[in-house]
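Have a look below at one chain only, the form predicted on its own, in structure tokens format.
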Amino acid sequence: MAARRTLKAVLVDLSGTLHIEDAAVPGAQEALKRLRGASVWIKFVTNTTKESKQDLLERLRKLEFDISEDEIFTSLTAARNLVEEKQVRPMLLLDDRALPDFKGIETGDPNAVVIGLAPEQFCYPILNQAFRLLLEGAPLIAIHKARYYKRKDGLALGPGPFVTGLEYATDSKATVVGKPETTFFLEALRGTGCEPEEAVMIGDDCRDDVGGAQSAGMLGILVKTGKYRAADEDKISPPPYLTCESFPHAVDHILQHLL
């Protein structure tokens, strides 16, 4: 990893780190206020595909988080950018609440497959339609490949198993646009003027949040909320820069030791 510079940017995961569905992590709002008192860029980076950026912002504001739309960088945004770049007509395996982020994209007579977290779409007829498109040469764009995520009622399957199933059945490889891809983290920093070695990432997913950020040259802080399970920190190498109880503890460490 490159030599560390003065910390200039903090990237923060949302679901599992600041909130779990409609409940905030205890103390997270106040911790965010304290972090805003430091002279650092703050960007909120998320693989969430269950809702549009606007719906996500409304959810966060109802939980009394002081966050603006331009501070949020989502994997949905990254996927739309790729669809426009490739000039394809995607079959969108997405939750209906995420579709506004693809408004204006032509989807008739699809020649590509875009897949996110879409429990209502993960049934045999729809997956088989995607399978046939891929056999005909359509590219597979995965918004992310998370194995699972945290809901109020417990852990739930993410899109990763379904992406992997389509890859296996069609002998193809998905283009993944969300975390843990290095390009995602670099895109999140665009416009901040910060290099990866000047940034730290806080998240509850050891592989996608922390491992991805550290592979991009950042520091990674793993929090024991959301999807965290005991010994997750042992699943990546190098291990997280820090593992702590929650987002407020991560902020405490940043303010005391990294600034």
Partner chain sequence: MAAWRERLAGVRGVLLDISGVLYDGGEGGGTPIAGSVEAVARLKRSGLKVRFCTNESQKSRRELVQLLRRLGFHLSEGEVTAPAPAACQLLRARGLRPHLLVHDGLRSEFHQVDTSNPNCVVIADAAEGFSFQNMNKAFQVLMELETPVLISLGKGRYYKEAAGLMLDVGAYTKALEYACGIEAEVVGKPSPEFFKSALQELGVDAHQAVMIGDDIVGDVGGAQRCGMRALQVRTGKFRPSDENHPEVRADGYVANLAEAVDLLLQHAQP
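Bear in mind that the values here come from a model prediction, so they are computed numbers and not experimental data. Whichever C-alpha set is largest while still superposing within 1.5 Å between the two forms counts as the rigid core. Residue numbers count along the first chain shown, from 1.
The protein also exists as the form predicted together with the partner chain; that form is not presented, and the subsequent description refers to it.
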item: All of F122, D153 and G165 within 4.5 Å of the partner chain in the model of the complex, heavy atom check; value: yes
item: In the model of the complex, the residue from A169, L99, I105, L186 that sits within 4.5 Å of the partner chain by heavy atoms; value: A169
item: Residue contact check: R147 to the partner chain in the model of the complex, 4.5 Å heavy atom; value: yes
item: Exercise: T175 in contact with the partner chain in the model of the complex, heavy atom 4.5 Å; value: no
item: R132: touches the partner chain in the model of the complex, heavy atom cutoff 4.5 angstroms; value: yes
item: Proximity of N81 to the partner chain in the model of the complex, heavy atoms at 4.5 Å; value: no
item: One stretch from 81-89, 108-116, 154-162, 67-75 that, in the model of the complex, holds residues within 4.5 Å of the partner chain by heavy atom; value: 154-162
item: Exceeds or equals 2 Å, Cα of E187 between the shown form and the other one, core fit; value: no
item: C-alpha of E120 off by 2 Å or more between the shown form and the other one on rigid core; value: yes
item: Core-aligned C-alpha movement of P159 between the shown form and the other one, 2 Å or more; value: yes
